[in-house]
Ligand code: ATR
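Before any questions on binding or motion, here is one chain by itself as structure tokens, the form predicted alone.
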Amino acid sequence: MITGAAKLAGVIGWPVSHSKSPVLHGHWLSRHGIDGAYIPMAVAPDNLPRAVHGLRALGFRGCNVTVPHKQAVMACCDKVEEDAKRIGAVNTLVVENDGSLTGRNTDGIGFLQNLKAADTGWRPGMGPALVIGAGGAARAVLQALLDAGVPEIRLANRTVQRAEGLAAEFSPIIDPLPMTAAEAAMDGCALLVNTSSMGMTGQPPLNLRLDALPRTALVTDIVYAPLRTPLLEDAAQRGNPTVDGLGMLLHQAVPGFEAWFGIRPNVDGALRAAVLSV
């Protein structure tokens, strides 16, 4: 039941019909018996400033932000937290008690928490990480790995200049590489992360031979459609521990839900099943 006192949040994107966030947050709202709603809102780019400022007028507690608005929405915020500034994108908006709007980025939190929750034995200080891709998702992953204390990051991208730009921006411990060097760069790595769209349903596959990768290295893919990407299947067949990308989506949602609805929810099997059912 939703009453006139319902707490409101949602997700803004263009389009937004593909988003799994309404099911995700709806599951938590139902589980905790919260008088509230989480609403998908399709907002064209030209309407973004008016839509964001309208959140306050409509009594929303905040919202998630998805493509293509994660960068543009920063200009609409009264305050942008440091993680979001470093990453250069906002995925969570919170309307504060005084009506001001705070922009956050929880993608890095979600990425690391997904790895921790999998309990594979991986720890940040165990050795170098190889990150594939230098797009927006890579920025959040790189910042998370740096904050966690990974000693060396090898960053491979089809356009090496983009990898070089991220290395110059983020840290001298990031070594930018062309994709042709990615297979050799696996030698001695403790973690392999695919942040690119390669391997996603409808996208070209990520063709990488894993021969040089230690069999103890953790392999993860932020892609979750399909849930088991060819990269994860190849890694599992040779005995590497693997973590799929769905958990990153689930864990990044926790801080926003807590800020909007006042309860810190748990990520568990029932939530995964609910999100996978749509």
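This one's a predicted model, so the numbers in the text were calculated from it and none came from an experiment. Note that residue numbering follows the sequence shown and begins at 1.
Omitted here: the form predicted in complex with the named molecule. The next part is about that form.
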Q.
On the criterion of a non-hydrogen atom at 4.5 angstroms or closer, are 8, 64 and 93 all touching the named molecule in the model of the complex?
A. no
Q: Heavy atom within 4.5 Å of the named molecule in the model of the complex: which of 204, 172, 125, 121 fits that? Just give me the one.
A: 204
Q. Quick one: of 135, 165, 88, 178, which gets a non-hydrogen atom within 4.5 angstroms of the named molecule in the model of the complex?
A. 135
Q | Region of this chain that lies against the named molecule in the model of the complex, out of 103-111, 127-135, 183-191, 73-81 [heavy atom, 4.5 Å] | A | 127-135
Q) Can you check whether residue 158 is within 4.5 Å of the named molecule in the model of the complex, heavy atom basis? A) yes
Q.
Does any part of residue 208 reach within 4.5 Å of the named molecule in the model of the complex? Heavy atoms only, please.
A. no
Q.
Just checking whether residue 198 would be counted as a contact of the named molecule in the model of the complex - the rule being heavy atoms within 4.5 angstroms.
A. yes
